[in-house]
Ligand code: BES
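In the form predicted on its own, a lone chain appears below as structure tokens.
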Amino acid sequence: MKVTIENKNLHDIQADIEIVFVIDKNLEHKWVQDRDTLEALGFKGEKEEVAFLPEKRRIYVGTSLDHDEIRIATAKAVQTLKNKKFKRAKIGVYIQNCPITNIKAVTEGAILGDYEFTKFKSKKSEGGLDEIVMANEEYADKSFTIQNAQKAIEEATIVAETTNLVRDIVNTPPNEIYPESFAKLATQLASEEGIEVQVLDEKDLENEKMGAFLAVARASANPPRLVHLSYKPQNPKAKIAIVGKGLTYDSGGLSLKPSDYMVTMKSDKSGASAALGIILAAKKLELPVEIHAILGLAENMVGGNAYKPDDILTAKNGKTIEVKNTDAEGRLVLADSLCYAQEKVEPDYIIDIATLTGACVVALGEYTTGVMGHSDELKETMLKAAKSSGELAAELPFNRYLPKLLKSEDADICNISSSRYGGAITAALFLSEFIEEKNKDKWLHLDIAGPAYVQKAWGYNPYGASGAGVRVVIKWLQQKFVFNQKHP
């Protein structure tokens, strides 16, 4: 899908079909040329309501000027035109406050809404739009420049296409993507963008004393990998470590998952996939921050040498961990990966991204990321970025009582809480034990277990992977280090 803008009025642009947004149910706007037909169809312009008029070569979608509603409306139009013979659509510009925000929203909605994962389909879908052209004409005659619009389209295209790349990686099955093949893919993609790559194999992990990470991977025929990607622009404003959980498959280990819960566990690599996408997008956008993406890649399988409940593991920082449940494996991989990031990178900020807990889905639902950390100010900046990016996020608060639930009688800490409640927060508090005291207020944990992989379409997201984490972290980087939090 390609999105462009032409320095022409809407009427003067040649296209196969016109997309018209009905804003706040206003059927009296000059762009709504088919009022009688729409009224006859009972079309009221409700959000996400679509009226496709092929004989008029127009498609109407109800929406508001909110940027995420614009994304959804654009995706609805694109999805309605799937398998149709219309190739080129035209659309006006819809501005709410900032001139470029909804231009980006249309671009992202088009590219994200057009996504399909068809790699393993013998028959591919045919037809659908190839291009959406924006006009130099605005819904309420607000002013904007073609140059700024073109830049907005370019930036949004990078972010949306990278999100789709992450969707592809997450959707790919575990027989295709396992730690070694993921590491090779990350190396290839990073090298194409001039990003530095270092890959640590199992011997390197032993040398780094990553006993928790190695225990998780022990029973798999596919050995683990840690991938360290580095984007280093000149005169960076900050140094950021992004640590991603990359369980390319999770059977639960000896604490075996029920079969229904094992299906979709290819998605347990969503955090590492997002971290890879973030650094690729940051490089393409030339963001003025040094970024290190640390991908902890392993399989949690069953075998005679599998790590066991009651085992005591020693993490990279020397802390001992009593294993109570081998299905709480992601936090073990992240614990060592976070230690590695702090030692090797010495970052100004640390963000870890993980499909960490089903408890987060219970707390917030399938569509929302849980944001946790010790710094209220830092959490607020991420929540603000989420709102601007279109990703849903909410805070899950720490308190002084929950850490006590991780107490072990035989080791420094248990890998799961002694209570069934508050599991998303206690998992984050477990990770906090591997954040150095000087870095506590520099660290954020994003639990993307809900939105990373959903078995139904929602908004501009298809069945399966959503690419959760990419857009929100890129927006956070832009707001904090490029726009100084003043830009949408």
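Note that residue numbering begins at 1 and tracks the sequence as displayed. Everything numeric in this text was worked out from a predicted model, so none of it was measured.
We do not show the form predicted in complex with the named molecule, though everything after this point is about it.
Quiz item: Pick from D114, D327, E155, E322: which has a non-hydrogen atom within 4.5 Å of the named molecule in the predicted complex?
Solution: Contact check passes for D327.
Self-check item: Contact residue in the predicted complex, chosen from L287, V93, A359, C339 - any heavy atom within 4.5 Å of the named molecule
Solution: Contact with the named molecule in the predicted complex is made by A359 alone.
Exercise. Give a yes or no on whether every one of K245, D250 and M265 sits within 4.5 angstroms of the named molecule in the predicted complex by heavy atom.
Key: Yes: each residue has a heavy atom within 4.5 Å of the partner.
Quiz item: Among 364-372, 257-265, 340-348, 165-173, which stretch sits within 4.5 Å of the named molecule in the predicted complex, heavy atoms only?
Solution: It is the stretch 257-265.
Practice problem: Using a 4.5 Å heavy atom cut-off, state whether A449 contacts the named molecule in the predicted complex. | Solution: It does: once the named molecule is placed as it appears in the predicted complex, A449 has a heavy atom within 4.5 Å of it.
Self-check item: Interface membership of T355, the named molecule in the predicted complex, 4.5 Å heavy atom rule
Solution: T355 belongs to the contact set for the named molecule.
Quiz item: Even though the named molecule is not shown here, does I72 get within 4.5 Å of it in the predicted complex, heavy atoms only?
Solution: No, I72 is distant from the partner.
Self-check item: Proximity of K104 to the named molecule in the predicted complex, heavy atoms at 4.5 Å
Solution: Because no heavy atom of K104 falls inside 4.5 Å of the named molecule in the predicted complex, the answer is no.
Quiz item: What residues in 57-86 sit within 4.5 Å of the named molecule in the predicted complex, counting heavy atoms only?
Solution: Counting only heavy atoms within 4.5 Å of the named molecule in the predicted complex, no residue of 57-86 makes contact.
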